[in-house]
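One chain is shown next in structure tokens, namely the form predicted alone.
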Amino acid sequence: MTNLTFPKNFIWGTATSSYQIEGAWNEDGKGESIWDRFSHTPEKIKDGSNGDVACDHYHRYQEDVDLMKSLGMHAYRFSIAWARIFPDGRGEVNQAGLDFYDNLVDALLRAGIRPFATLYHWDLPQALQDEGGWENRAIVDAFAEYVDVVSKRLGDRVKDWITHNEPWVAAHIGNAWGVHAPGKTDYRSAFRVAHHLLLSHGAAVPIIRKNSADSQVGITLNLTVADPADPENPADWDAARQMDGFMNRWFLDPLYGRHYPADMVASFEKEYPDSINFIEEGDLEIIAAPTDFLGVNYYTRAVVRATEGVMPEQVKVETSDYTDMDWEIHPVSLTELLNRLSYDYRPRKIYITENGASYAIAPNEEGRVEDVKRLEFLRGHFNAAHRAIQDGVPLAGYFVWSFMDNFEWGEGYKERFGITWVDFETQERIPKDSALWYSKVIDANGPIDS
């Protein structure tokens, strides 16, 4: 195959999140988060595990930064644990928590790695959840207070900020489906949560700009392409429109200066009467604060067929390959998605802030992790991203999920997305074949023959 070259100054990186890797769940003044509470609740995590230790990154961050440097990473996307900064969600600042991220940022910069900080990756302080969590509009002010403190402390060195990671997941998987923390099963609650997440994003943007000169600010959404199960069936095409509205447009439209999509408002109001009654005057203007980039987390497409309810049914394509998470491998949809985003919403810049695959391939007798399937997954998606750039999409960087195997939320430790193997008993790290190949990709600025 012909090796592809990405644009000059394209950013190659990797990503993690605080609860999934840090451990030290109750050390140095850290407060309890909703994921601490949820994972300690019996039968919530499939393998009965929790993130108390995880990858012990809190104590081993220098080792992890050194490994990133050895692989040639340009950038590292990490998240900040709100409960480390404000154990009670607001009020008194825990300086030890700020010190940890201060030290991490300094270690990254010494290694020549550009820090991308995500301010919220789902681990809300439990004290705020006890007050109603993201359902309670007062949380917007609490988030603003938290963002102000963190961006003042780190903003002289961190110049790339992501307000929220995947508000769709936090709202619906955590509050409508109950599979993630806080474990609620109420769609009306989920709509309100989603609105307050977006509103807090808009409130945070000017705070970050004030505290971090010359910084870039954006938000990360998990986005997909919705395809009909039967292209000959008009009802399935309508189901694809519904899925697109639910997953994509419900967040993209207000972020880019449009109201919530009218077709979806009508559908939700019909299915859940009086559920869309949370919007106050001025909210949409706040949500649409201009941003510098859009972060895109892409893993798979959604193939759907019509049902009687508002939510389509996702179906499995028997001719496709799937990862261990049972997610279809469909790189061409990444090209389609990036082109659609560029054409419909005109973001100034796009980063793929997460893309990766779960394969639980263990080290062989020689200690080598031959994760060929992950390597080929990444190659296919890198090629798809390159096609989008050729089409004129302003794609500026790519963050592989994830830097290392970690606590995979409700799945526990069974699912392994990392390009680095972690032995959770000994905390040994082993770069997998995909990591070694990715290092060569970074050096060549594009996918190469393995």
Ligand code: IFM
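All of these numbers come straight from a predicted model, not from anything done at the bench. Counting begins at 1, following the sequence as shown.
The discussion below concerns the form predicted together with the ligand, not included here.
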Exercise. Report the residue, out of 200, 212, 165, 129, that has at least one non-hydrogen atom within 4.5 angstroms of the ligand in the predicted bound form.
Key: 165
Quiz item: Which one, 86, 299, 246, 78, lies within 4.5 Å of the ligand in the predicted bound form by heavy atoms?
Solution: 299
Practice problem: May I ask you to state whether residue 327 is within 4.5 Å of the ligand in the predicted bound form, using heavy atom distances? | Solution: yes
Exercise. State yes or no: in the predicted bound form, is some non-hydrogen atom of residue 123 no more than 4.5 angstroms from a non-hydrogen atom of the ligand?
Key: no
Quiz item: Would residue 382 show up as a contact with the ligand in the predicted bound form if we use heavy atoms at 4.5 Å?
Solution: no
Quiz item: With a 4.5 Å heavy atom cut-off, would you call residue 56 a contact of the ligand in the predicted bound form?
Solution: no
Quiz prompt | Heavy atom contact within 4.5 Å of the ligand in the predicted bound form, the stretch among 291-299, 89-97, 273-281, 145-153 | solution = 291-299
Quiz item: If you look in the predicted bound form, which residues in 396-418 sit within 4.5 Å of the ligand (heavy atoms)?
Solution: 401, 408, 409, 417
